[in-house]
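In the form predicted alone, a lone chain appears below as structure tokens.
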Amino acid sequence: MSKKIAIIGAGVSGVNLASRLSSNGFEVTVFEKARGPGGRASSRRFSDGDKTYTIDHGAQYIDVETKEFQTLINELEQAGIVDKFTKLGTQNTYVPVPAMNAFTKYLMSNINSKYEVQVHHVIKKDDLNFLYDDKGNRLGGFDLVISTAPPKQTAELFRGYEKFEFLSKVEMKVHFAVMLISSKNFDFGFSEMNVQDSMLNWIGINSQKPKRDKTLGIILHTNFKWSLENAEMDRVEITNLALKELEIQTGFKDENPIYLACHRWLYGRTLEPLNTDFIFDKENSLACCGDYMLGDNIEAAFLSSSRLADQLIKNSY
């Protein structure tokens, strides 16, 4: 009988892990609090009744440095899921098409998933770990539970288990993403721009990425220091400040955009990677992995989850 594994989180780590384990005979269920897969490799959809617009508001690109990751990227490129892209300061970069979440959607094909379900805690009884939501409803029993949530959330999920307690002290960078879709035509002269000495650290033109709708889409990322100091500021105020800075930096202004929103990434990036592939508490049948183990990007998430999958497959858990 195959082992039943619960994976908490459908970001890059979760979906890569689910794909690897499922294809090797494990019975996998993915639990995700959002409406679909992606995590920080997400895209926001908006419909005005006549047209649906999409804009990437988290991770913007996939940078590839290792042969291990390149193998998957080559498969995705052949399947039409990613396109090669030239961006600032990198040599080997790709963009999922037609939106960032195409990458995770592809990996989640045929995986048993439960969306809009937030796992609150885990209780071990006999030989199984049982998952519960915040109302105390039991979500099922599993031979192994793996969290791909950010470190502080993983520590809370696995509270009472000593091996994971230190994760509550792992610091993550908060930042905001302001999304704007405009009916205006404007030549920025760039597809992305790093910003210095500003509340913003990056301006990107989403509509200039491959196979995107040509309606002007702009994404603004705040810098981490400013974001930490203003983490609880009203989103409308943050949005207005970001738009003023956009005008200062580029001259662009739109007082009546098609779409305007601000999203807070509470667990944006880790300050210091843990420099370990994953954590596996075999005695209690719990594990965790994620980008914060090895870095702060999509490749780090892939490598951490792949190495946990390798161990589980090799030892048949």
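Predicted model, so just to flag it, every value in this text is computed and none were measured. The first residue of the shown sequence is 1; numbering continues from there.
The next section is about a form of this same protein that is not shown, the form predicted together with a small molecule.
> So the small molecule isn't shown here. In the predicted bound form, which residue out of Leu216, Leu144, Val119, Ile203 has a non-hydrogen atom within 4.5 Å of it?
Of the listed residues, the single hit is Val119.
> Taking the small molecule as it sits in the predicted bound form, is Ala41 in contact with it (heavy atom to heavy atom, 4.5 Å or less)?
Looking in the predicted bound form, residue contacts with the small molecule include Ala41, since a heavy atom lies within 4.5 Å.
> In the predicted bound form, does Ser23 come within 4.5 Å of the small molecule, counting heavy atoms only?
Looking in the predicted bound form, residue contacts with the small molecule do not include Ser23, since no heavy atom lies within 4.5 Å.
> Do Val178 and the small molecule come within 4.5 Å of each other in the predicted bound form, heavy atoms counted?
Residue-level check for Val178: no, no contact with the small molecule.
> Closest heavy atom of Ile298 to the small molecule in the predicted bound form, within 4.5 Å or not?
Within the cut-off, so yes.
> To test your reading of this chain, name the stretch in 60 to 68, 280 to 288, 47 to 55, 247 to 255 whose heavy atoms come within 4.5 Å of the small molecule in the predicted bound form.
Among the candidates, contact is made by 60 to 68.
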